[in-house]
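For reference, the chain that follows is the form predicted alone, supplied as structure tokens.
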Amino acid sequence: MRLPAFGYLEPSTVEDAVELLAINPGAEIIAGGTDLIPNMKRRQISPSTVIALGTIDGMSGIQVDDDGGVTIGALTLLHDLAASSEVPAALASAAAEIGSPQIRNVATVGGNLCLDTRCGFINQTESWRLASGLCLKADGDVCWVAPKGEECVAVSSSDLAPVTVALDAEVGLVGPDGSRTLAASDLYRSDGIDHLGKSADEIVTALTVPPRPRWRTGYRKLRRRGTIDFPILGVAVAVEVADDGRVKDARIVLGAIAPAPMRMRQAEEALVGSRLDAEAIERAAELAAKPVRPYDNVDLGSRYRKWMAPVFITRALQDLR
């Protein structure tokens, strides 16, 4: 598959990149390109202009604040995030599970946070989509996965997304109106097409994780193969443990199930006040798995993914013990 023709621009600052976005309607941002380039080859998108961020200084690296908070530049490579001992364990684990070593040496933190939603009816060649009939995400008028619905149900396949939500992280944005921060939980929308809560003319510049000195965090990923594949289920967990060994606060967030990460609040509440013993973990896993309703739109079937939800939630919580 060959790339379509496009213009290529290399701004030297974030402000220049924002300006180029404004004067080039329909332009796409590229960092590592590990998701954008395949999508362009499949003609899922055919931007007339691609704006590269790789030449901008100051958008990569990991910095630890005096209070223990961590700021990660959007152009930081996933390899560097996976190898870091300064970031929460869940972030490093999730980064290490993405793609292959070759991909992690090119792909960036910002790129994975803004990863496009995926679906078996859109992530195909152009000829396949035309032959099967265009779906909502590909200029059609029906979702072939949920024909009776009116919204696209393509799933969020970012490994970092559920982790950032579990960690109460924030993303830094720069747009025509200046800079602002947005909670990671607000960065994602339950819409397979309009899946990001930022404006199209805003650029993610950094990820900020608040200090969590007493929190234990982890991530578990289900996929067909042991490497390269996107998640068909991602489980991010974060638990604050008191001196007496009881849970003070908890986060359980599922990815790759819906267009946005799903926070399992009932299961979180069930953990509070308990110890991380087998009984408490089993109860939380059962509660978290109940609202899981996968669609048959990614690798392997929806029933299998539903069955695996309590299994992987249990394993993720057991890791914290």
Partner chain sequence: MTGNVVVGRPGPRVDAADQVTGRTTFAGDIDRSGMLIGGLLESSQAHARILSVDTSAAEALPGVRAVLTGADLPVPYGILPVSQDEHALAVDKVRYVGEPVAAVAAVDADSVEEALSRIVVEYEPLDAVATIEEALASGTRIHGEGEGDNVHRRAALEFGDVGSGFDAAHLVREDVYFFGGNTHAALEQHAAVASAGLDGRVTLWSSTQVPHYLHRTLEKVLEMPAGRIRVIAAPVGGGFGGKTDPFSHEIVAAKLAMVTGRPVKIVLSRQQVFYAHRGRHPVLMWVKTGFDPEGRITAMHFKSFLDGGAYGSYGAASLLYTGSLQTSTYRIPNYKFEGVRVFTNKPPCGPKRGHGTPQPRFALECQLDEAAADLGLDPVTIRRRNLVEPFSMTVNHLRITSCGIEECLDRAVEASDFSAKHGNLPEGKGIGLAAGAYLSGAGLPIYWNDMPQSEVEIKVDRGGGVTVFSMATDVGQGSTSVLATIVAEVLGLEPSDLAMVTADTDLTPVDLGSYSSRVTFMAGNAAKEAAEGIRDRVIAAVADELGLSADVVVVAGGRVGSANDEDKTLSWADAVRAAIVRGGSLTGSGSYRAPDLAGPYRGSGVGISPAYSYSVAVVEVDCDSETGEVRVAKVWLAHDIGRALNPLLVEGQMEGGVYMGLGEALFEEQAFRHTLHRGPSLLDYKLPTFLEMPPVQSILVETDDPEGPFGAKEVGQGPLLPVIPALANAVHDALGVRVAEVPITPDKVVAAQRDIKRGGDGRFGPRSVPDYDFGRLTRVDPPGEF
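Computed from a predicted model, the values in this text were never measured in an experiment. Residue numbers count along the first chain shown, from 1.
The form predicted together with its partner chain exists for this protein as well; it is not shown, and the discussion that follows is about that form.
In plain terms, the part of the chain that comes close to its partner chain in the model of the complex, with a heavy atom within 4.5 Å, is 115 to 123 out of 149 to 157, 115 to 123, 238 to 246, 189 to 197. In the model of the complex, its partner chain sits within 4.5 Å of a heavy atom of L300. In the model of the complex, its partner chain sits within 4.5 Å of a heavy atom of R223.
Interface membership of V18, defined by any non-hydrogen atom within 4.5 Å of its partner chain in the model of the complex, is ruled out. Remark: E286 does not count among the residues lining its partner chain in the model of the complex, judged by a heavy atom distance of 4.5 Å or less. Along 307 to 321, a non-hydrogen atom within 4.5 Å of its partner chain in the model of the complex is carried by W307, M308, V311, F312, R315, in order along the sequence.
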